[in-house]
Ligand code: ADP
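Here's a solo chain for you in structure tokens, the form predicted alone.
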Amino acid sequence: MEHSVVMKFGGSSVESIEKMQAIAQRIIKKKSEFRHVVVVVSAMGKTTNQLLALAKQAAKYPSKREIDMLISTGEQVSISLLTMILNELGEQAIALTGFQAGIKTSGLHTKNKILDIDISKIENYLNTNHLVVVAGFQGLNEQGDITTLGRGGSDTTAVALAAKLGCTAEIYTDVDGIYGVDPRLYPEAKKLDVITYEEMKEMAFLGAKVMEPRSIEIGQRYKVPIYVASSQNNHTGTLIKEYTKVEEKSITGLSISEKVMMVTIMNFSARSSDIATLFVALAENEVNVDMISQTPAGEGLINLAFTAGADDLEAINEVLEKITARYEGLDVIKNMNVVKISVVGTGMRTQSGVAAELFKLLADHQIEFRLVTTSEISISYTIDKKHMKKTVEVISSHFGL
């Protein structure tokens, strides 16, 4: 729809009536600029966590279907209150839950994906001059059950709605845009005016927490411009959009993933079938393995190292117990004191020497790394936690992030 916009506000923006009243003013101002405004909101503050805590009290292993039924009520509270406030201010506004808004989902409960959105109901309200307030994070599956979309689900709702309406998605959050590096780790960090979908997606996968990768994927697929800005002030934010060569820098941003562990298995069999046994067992235990490295360790043996999320420690231990029981003479070292630091930039595709520049930079500052992996637009290093601050500062200042 022409002259439309989707505005999304996260939990911290709607955690109190006072904050809702403040964003209601922003919504009304936006309505004076655009003919049609759709607002997507999350649950108030920490509501979802509080509801999950209640579920844990009610049952040791509550059914995922009932969890969805429970936590979807959080957004229902915030959309109805925000709509009451807008109505009180003289606006015509209406609140719609995910399924009322036509959001169809499929997949596992608590981790559903949006299949499609039937926007006819939303369009009817927009055409009769209503502000439409939609519950983020939720939908209805093929069985007619209420479902939720997992972490960052409200961003996904907003971008998917913008894709259907053919407009921009504006994501209002507690930061005033996307930074090349987390300002908490590097106070001189520069805010980016523009970042490509690819770079943002890579940074999100590699640890940057501002945006959920799935919402970026939808934006990229349907060419939805995504604008990220502060819900507290009117500072200019960051636009996430398609790649253009004019804006190319060798490195756009740096991501840090702190919840990482590195496992080294010494004297493991070099046979591919044995290596497969290990990684199949990890996959079956739902361990998401990230970096992998192997080096020769004598006749028919290798030293094998891999990284995974520190949260997967129990699942990894379970697999390692079986592996050490099956293969004799293994020595296993688990290192929880590592972090993964990744640099991201579409310019790496065309500019040679970025990796060489980084390796020299680390060497000049006596920063040792344990593992390294690359993609077309990123290079990731596993380093000791004690070097994290120094590494962030060295890379950020050198590349002007």
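Only a predicted model underlies this, so the values are computations on that prediction, with no experimental measurement involved. A residue's number is simply how far along the shown sequence it sits, counting from 1.
Keep in mind that the form predicted together with ligand ADP is missing from the display, and what follows is about it.
- Using a 4.5 angstroms limit between non-hydrogen atoms, residue 315 is distant from ligand ADP in the predicted complex.
- The shortest heavy atom separation between residue 203 and ligand ADP in the predicted complex is within 4.5 Å.
- Ligand ADP in the predicted complex is not approached by residue 235, whose heavy atoms all lie more than 4.5 angstroms from it.
- Contact check for residue 210: a heavy atom falls within 4.5 Å of ligand ADP in the predicted complex.
- Partner contacts here mean any heavy atom within 4.5 Å of ligand ADP in the predicted complex, and among 79-87, 171-179, 106-114, 214-222 they occur only in 171-179.
- Only one of 166, 309, 300, 183 comes within 4.5 Å of ligand ADP in the predicted complex through a heavy atom, and that residue is 183.
- Residues 8, 10, 11, 12 of 3-19 are found to place at least one heavy atom within 4.5 Å of ligand ADP in the predicted complex.
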